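One chain comes next, on its own, written as structure tokens: the form predicted on its own.
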Amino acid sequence: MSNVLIYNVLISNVDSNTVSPLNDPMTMPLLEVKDLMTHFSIEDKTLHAVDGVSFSLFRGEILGLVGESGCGKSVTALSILRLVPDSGKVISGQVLLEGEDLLEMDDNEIRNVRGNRISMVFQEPMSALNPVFTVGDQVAEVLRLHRGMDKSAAFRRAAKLLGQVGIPDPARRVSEYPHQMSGGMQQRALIAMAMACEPDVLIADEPTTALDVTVQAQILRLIEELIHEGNRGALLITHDLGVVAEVVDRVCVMYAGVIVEMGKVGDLFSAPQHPYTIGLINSLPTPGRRRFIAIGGSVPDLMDLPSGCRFHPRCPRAQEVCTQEEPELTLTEKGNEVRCYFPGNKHESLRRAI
């Protein structure tokens, strides 16, 4: 489905008053990230990749994490699983999985969480799958490691999983190597591997990158079914607002290492509050538009961030206060949150052609 169609369907059909677990104070988040900060040391400078990110994920929910390349989305995911490269470090914060802080676990405890309670689907299946092992062996290895299955039982289960994610003739495909499969089938194999131990949380990092639109739709529907039918939670990382509109329940919009807007997907598309969110939506292809409306300027250097609001050098509604102090996330009337001194979607010059 094209971005245009997804956007139009979303605006016309999404009910922004849909009941959310956020409305129930008794509902405990499945995954809760609190004030997460992950920095990288590059020569004598500090790169603020993730700089105080907080969000909650509930069972039965798909939470989107959206933003331009380099804004900190993937580093957030790697920080949750404590897979940050050696040059980086989680400086502070909490990552609570049903109340347990993953950042406080020892190495053995976190290894038992990865692939078992939280799984991740990486964005490049051709590099994520090992080319010298069959796909079946790689799926089976997860089951042997976390579930203690013997080799033959794990291999049979791997074949069943490949069938469940829609790979045709799984009994034959289970013995094939990654290069013998298309990109779409490789992505499905990665999802089978991630879901092998029936994890509570699935993190999908750009799961439809480099796939044609038909396969993209199939992969998104598969993730949606696995999460909603199993009462799990998913963090879907993407730069594609069309993907967000297709399957996500709530959205966190990231910019330069921080979340600038967060709320239900219907509200975000129909009444965006932050000028950066409005700029992203303006960049969607829309029927009748003769030209794209780009966001002026460029993303700031994360080693040399501007003072005040990180978006103010590119923001058409910026004022002096925006240059002096960074705004906090503030709750709106609809229950969404926005990091802006002058939020709202009444600025027609920002929303023309929407």
Partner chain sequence: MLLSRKQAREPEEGDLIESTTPLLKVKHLTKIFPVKGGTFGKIVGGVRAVADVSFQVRTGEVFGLVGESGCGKTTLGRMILRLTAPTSGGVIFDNVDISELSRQKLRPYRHRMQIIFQDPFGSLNPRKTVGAIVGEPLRLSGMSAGKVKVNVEEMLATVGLPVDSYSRYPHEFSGGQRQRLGIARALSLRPDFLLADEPVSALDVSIQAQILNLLMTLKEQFNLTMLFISHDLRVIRSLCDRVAVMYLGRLVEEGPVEDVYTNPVHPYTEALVGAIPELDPDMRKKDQEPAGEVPSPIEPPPGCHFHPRCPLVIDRCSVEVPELSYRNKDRRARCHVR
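Please read all numbers here as calculations on a predicted model, not as lab measurements. Positions refer to the first chain, counted from 1.
Unshown form predicted together with its partner chain; subsequent notes refer to it.
The contact with its partner chain in the predicted complex, taken as any heavy atom within 4.5 Å, belongs to Glu224 out of Asp205, Asp137, Asp200, Glu224. Contact with its partner chain in the predicted complex, judged by any heavy atom within 4.5 Å, is made by just one of Ala153, Val213, Met105, Leu83: Val213. Phe122 falls outside the set of residues with a heavy atom inside 4.5 Å of its partner chain in the predicted complex. In the predicted complex, its partner chain sits within 4.5 Å of a heavy atom belonging to Ile295. Though the partner is left out of this view, Leu280 does reach within 4.5 Å of its partner chain in the predicted complex, counting heavy atoms only. Contact check for Glu68: a heavy atom falls within 4.5 Å of its partner chain in the predicted complex. Of the candidate stretches 47-55, 297-305, 33-41, 323-331, only 297-305 contains residues with a heavy atom within 4.5 Å of its partner chain in the predicted complex. Proximity of Ala217, Gly242 and Pro285 to its partner chain in the predicted complex is complete: all three residues have a non-hydrogen atom within 4.5 angstroms. Contacts of stretch 305-330 with its partner chain in the predicted complex, defined by any heavy atom lying within 4.5 Å, are made by Arg314 alone.
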